[in-house]
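This document opens with one chain alone, in structure tokens, the form predicted on its own.
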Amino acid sequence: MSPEDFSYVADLVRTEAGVVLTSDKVFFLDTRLGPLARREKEAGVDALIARLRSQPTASRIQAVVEAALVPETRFFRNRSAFQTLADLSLPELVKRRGDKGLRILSAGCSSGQEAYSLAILVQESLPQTPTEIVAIDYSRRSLEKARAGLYSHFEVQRGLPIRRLLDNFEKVDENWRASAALRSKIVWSEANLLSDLSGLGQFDVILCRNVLNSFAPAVATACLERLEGRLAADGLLMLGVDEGLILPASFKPEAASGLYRRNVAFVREVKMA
């Protein structure tokens, strides 16, 4: 891949999805685009990019950007934060909501493991509470896999204890599929975190983990502002362990690493001003 082609695709990925590809990612990008070139019956990555340059249709742009993104996720990632949600945070929210129930957003849900982890958690700890889980991602291919709920043995081994696996998944040949009951708890939707999210409504808990750290700082800040606008005043925000550094002063850490709630003192200061 020529430097010019890399710069062209990297600019596209940053504009469309907010993700920054540094100059040391040439081999990575070439590797990621290879399978797409074969699916599109192009002679190679260079031909794929040449076609994109000459005919930059929305579907081609989406396919190339999707291929450049890394859908890294696993079940119950940062287990201590999930445990705090189950033991303390969610029951506390339920007491305040009463019969209204909860809405939870998995933003940048990738191939679905996070959303299914949430569904399992709610099913185990709050079986009587009406809960809507909304999972959004830029990648259509990732969402297709998430909706199917079909995972390899390697994927379910990453974070799913055997009891939870057997209770919530069924064996399909060499793979495991999330049960119909579990799949029915999640609404999957294509959405771009760089765009207006107001149509999603308000949420009691928002998870956006290991997404912002791939964004340029200004893009990550703007994304956080959009998510904050979707979060209830007493809601909880869950980020990747290292992503709290970019949070505004309007949030403070919760009991577990990666969990945050609004800083009431800061909010009061703003109101008084």
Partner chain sequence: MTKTCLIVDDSRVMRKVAMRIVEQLDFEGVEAADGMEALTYCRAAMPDAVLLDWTMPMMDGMAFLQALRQEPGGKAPIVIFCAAETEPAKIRQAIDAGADEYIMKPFDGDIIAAKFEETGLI
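Predicted model, so just to flag it, every value in this text is computed and none were measured. Numbering follows the first chain given and starts at 1.
From this point on, the text means the form predicted in complex with the partner chain, which you will not see here.
**Q** Report whether the minimum heavy atom distance between Trp176 and the partner chain in the predicted complex is within 4.5 Å.
**A** Answer yes; at least one heavy atom of Trp176 falls within 4.5 Å of the partner chain in the predicted complex.
**Q** Using 4.5 Å between non-hydrogen atoms, is Leu166 touching the partner chain in the predicted complex?
**A** Within the cut-off, so yes.
**Q** I'd like to know whether Gly149 contacts the partner chain in the predicted complex, with contact meaning heavy atoms within 4.5 angstroms.
**A** Result no; Gly149 lies far from the partner chain in the predicted complex.
**Q** Although the partner isn't part of this model, could you tell me whether Val156 comes within 4.5 Å of the partner chain in the predicted complex, counting any heavy atom of the residue?
**A** Yes, Val156 is a contact residue.
**Q** Since exactly one of Pro161, Pro91, Gly101, Pro71 fits, which has a heavy atom within 4.5 Å of the partner chain in the predicted complex?
**A** Contact check passes for Pro161.
**Q** If we take heavy atoms and a 4.5 Å cut-off, which stretch out of 192-200, 71-79, 140-148, 178-186 is in contact with the partner chain in the predicted complex?
**A** Of the options, only 71-79 has residues within 4.5 Å of the partner.
**Q** Which residues within 80-94 place at least one heavy atom within 4.5 Å of the partner chain in the predicted complex?
**A** Nothing in this stretch is in contact.
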